[in-house]
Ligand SMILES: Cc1ncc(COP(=O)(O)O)c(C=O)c1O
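Let's start with one chain on its own, the form predicted on its own, as structure tokens.
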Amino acid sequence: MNRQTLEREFANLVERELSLNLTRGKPGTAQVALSDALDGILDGNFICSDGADARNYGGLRGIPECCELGSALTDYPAELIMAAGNSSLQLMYFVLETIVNYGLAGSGALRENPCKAICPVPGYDRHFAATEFLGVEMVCVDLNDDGPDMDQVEDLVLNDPSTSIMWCVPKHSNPTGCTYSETVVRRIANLPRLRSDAHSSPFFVFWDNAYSVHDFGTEPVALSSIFDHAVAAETLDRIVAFASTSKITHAGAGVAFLASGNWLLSDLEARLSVMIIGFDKVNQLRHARFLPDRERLAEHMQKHAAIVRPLFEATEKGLQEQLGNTGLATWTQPTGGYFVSLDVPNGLAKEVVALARSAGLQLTAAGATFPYGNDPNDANIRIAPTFASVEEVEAAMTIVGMSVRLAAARR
């Protein structure tokens, strides 16, 4: 198709005045409705398994049965789980801010010396925003199909003492959908040992396992246990794992979890104790009653998969029809999670996003998947299809495909 024809067809798209939004990975209405039984599930019974009254004060680490749910999501034992409020991102910020400004589990405050965070890219924009807000410099490493390029990571940890933190989304990673291999997980668990010298700065791993049970492929994808590898490497208090029910039950009224070694958890509990007396244990109890065991959790997530699978199938079909065999784009084919990562020719991502916007489709800003919003190749675009209907996804992929082809033709 020549440029004149593309311009004419794109103008026809613009005249349709569509209003579509694929900017963020939000669960759709049908997904959150799967958990409406949370409302009223306690039926007047607020007593936890240990005899505590969920309506009262106390219990900073959360109620036992909810910590069991956290164990199912993180693969850590329940006694090393903290069940908190509704936001795992808030927990990540709290831990990061504590490490930077105060120190944690025997480390000094990182702000006393220059400190940097290792960021596999493309990655999660909210990780980058929190890190930038706290004044921590970010250093990019490549994210491969099996996880971060560990040669790059280990070189930084060994040779740049200012690198002190690493962000990870280990399963169905945001935005590529990759899952870290066992070899990569083992090497990550061993990273803090590369700083075992008493005079070395500490190294922490932030293990954001947001999509641990969010499979929609034919078979669940296995992720090697960071807990087992951290125990073997004796680095448990330098690995901090996070999870939540935000994309499992009600996105704005879920439960967030943090897991680590007892030393680190005790330090966090001490700092939290001057801020709050306890998190919302009634909501924790609701979730524990709604998802009482791993079997019920698996059944629930199969219902989610049945809803989101057609959306990703529509995304794949649309991209193939619009861009397959054109040589103008590559994209991931995830088996779980919430995103598709699209790469267009270098220098065109911002123009593609702008063209799509002019045709009524809002996409995540080009560059958002890189620290400081700066994709050096201006090539990566994140697609989030879950908060749309199949028909809306189909229309959106037509716009994406036309925008890529028109941007390339104009160049």
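One rule holds for the numbers: they count along the sequence shown, beginning at 1. Source: prediction; values computed, not measured.
Not on display, but discussed next: the form predicted together with the ligand.
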Which residue among Ala210, Val136, Val157, Met301 has a heavy atom within 4.5 angstroms of the ligand in the predicted complex? Ala210
Among Tyr76, Tyr180, Tyr124, Phe312, which has at least one heavy atom within 4.5 Å of the ligand in the predicted complex? Tyr124
Would Ser244 sit within 4.5 Å of the ligand in the predicted complex, counting heavy atoms only? yes
Closest heavy atom of Ser162 to the ligand in the predicted complex, within 4.5 Å or not? no
Contact with the ligand in the predicted complex for Phe204, defined as at least one heavy atom pair within 4.5 Å: yes or no? no
Might Asn262 be said to contact the ligand in the predicted complex, defining contact as any heavy atom within 4.5 Å? no
Three-residue site Phe10, Leu13 and Ser389 fully in contact with the ligand in the predicted complex at 4.5 Å by heavy atom: no
Among the candidate stretches 149-157, 167-175, 325-333, 94-102, which one is within 4.5 Å of the ligand in the predicted complex when only heavy atoms are counted? 167-175
Just give me the residues of 321-345, first to last, that have a heavy atom within 4.5 Å of the ligand in the predicted complex. Phe339
